[in-house]
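First, one chain by itself in structure tokens, the form predicted alone.
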Amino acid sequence: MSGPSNYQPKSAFGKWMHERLPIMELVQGQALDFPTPKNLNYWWTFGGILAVMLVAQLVTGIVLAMHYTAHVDMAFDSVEHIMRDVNYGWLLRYLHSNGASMFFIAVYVHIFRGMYYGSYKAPREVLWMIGVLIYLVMMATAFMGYVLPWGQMSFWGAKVITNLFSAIPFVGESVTTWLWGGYSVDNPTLNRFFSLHYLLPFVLAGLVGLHIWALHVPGNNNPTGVNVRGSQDTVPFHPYYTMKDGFAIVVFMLLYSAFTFFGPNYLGDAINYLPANPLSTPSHIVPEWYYLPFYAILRAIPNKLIGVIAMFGSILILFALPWLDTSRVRSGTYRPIFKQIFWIFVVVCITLGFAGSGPPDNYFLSHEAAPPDEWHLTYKLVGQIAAVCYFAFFFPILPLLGLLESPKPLPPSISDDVLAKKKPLVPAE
């Protein structure tokens, strides 16, 4: 669904270039003149926000890599050198570390929006699966980046997460040894993680380009979920959505700046400002906040192998979402029961995050240790309940809901829906 290009070069150089490399015609047709549904709301602006955050992470990461030393004896000090001695090094580091959190905030909103409005349904299955692949690469990149400062939580987080692969039958020990580059988390591990952390963002950029290409084949989904029925349902991407996305990006940058300048360590862990010490285990090892729901699922299952399968399965199940949802209606706006269950699912995901943030044997949302001889609502128990609810959403609820639910009538077209929501103009008295 590419947009018709009206590009006509005016200058002699423009005509010369157009005959040899018509890149401006491509930009005009695929970006500026691209036909976009006229009813997209602000939830659709997070795609543009993610593109901006990817560029910010690439730029700040490349500059930081110029001053970082990937060696266990010097990594922590090199980060301190960046913070104290490099011109605006503190700003670059805080932009990069908080940028990772902003990236995940935007991607979680983007994913939930896609789930609510059915953006994974035909003919957008491949678009959705590429998006899930982007999410997996993001998680791997962020995890490796968190190890690089070589603080206490960096070291022990790497040790705990890489040890999970040892649960894989037959090949687990070999995979773990390969990840470590030896028989423990040490200098070869840090070197490998630094190399991959530098490489994967460029892989991510390639996947984003593929994601945009896959989007431009069927075109954008929209809040009604009905297909575009001609030019009356669309507007050019520019200037309508460039201005709308631009405003949303500025607002999001304000949030990004607020964390960078006023709470740069708010989303981190204070213990990571201590150098890594293999002989001193932290009392509570916890990953970054954007991994907490999956960490809660891992802890919810006593068996290590089953816990690892459940943790990775909680992400991989997203690949099957287009086929698990059997409803012929895309948008949750017209699915009354799905709408309620979807928001319960969002609460379940947030609850998993809380469950993963605390010591497993402590009372939920309290620091008091639970007595061993009585029933108690601990972080682990809450995580177990929420994990069951998480998987139940995908199966059996979604497949059965599509067969049993009676959706509301859909509007005939996007234009009819837009006009129906317009309030009649009342003349001034």
Partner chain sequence: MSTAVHADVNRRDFLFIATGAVGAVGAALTAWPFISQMNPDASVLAMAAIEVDLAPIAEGQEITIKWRGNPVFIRHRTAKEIELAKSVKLEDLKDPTARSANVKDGDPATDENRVVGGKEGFLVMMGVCTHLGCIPIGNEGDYGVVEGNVKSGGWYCPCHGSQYDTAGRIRKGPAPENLFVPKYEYLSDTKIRIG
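Residue numbers count along the first chain shown, from 1. Only a predicted model underlies this, so the values are computations on that prediction, with no experimental measurement involved.
Note that the form predicted in complex with the partner chain isn't included here; everything after this is about it.
- Considering the partner chain in the predicted bound form, the lone stretch of 172-180, 253-261, 79-87, 115-123 in range is 172-180 [heavy atom distance within 4.5 Å].
- Residue contact check for H238: none of its heavy atoms lie within 4.5 Å of the partner chain in the predicted bound form.
- Proximity of V147 to the partner chain in the predicted bound form falls outside the 4.5 Å heavy atom cutoff.
- For the chain shown alone, P201 is not a contact residue for the partner chain in the predicted bound form, no non-hydrogen atom being within 4.5 angstroms.
- Not displayed here, the partner chain is kept clear of P336 by more than 4.5 Å at the level of heavy atoms in the predicted bound form.
- Shown here without its partner, the chain carries P218, R330 and P411, none of which come within 4.5 Å of the partner chain in the predicted bound form through any heavy atom.
- The contact residue chosen from G29, P360, P399, G48 relative to the partner chain in the predicted bound form is P360, the criterion being a non-hydrogen atom within 4.5 angstroms.
- Between the options G206, G230, G313, P302, the residue in contact with the partner chain in the predicted bound form by a heavy atom within 4.5 angstroms is P302.
- Along 136-163, these residues reach a heavy atom to within 4.5 Å of the partner chain in the predicted bound form: W156, K159, V160, N163.
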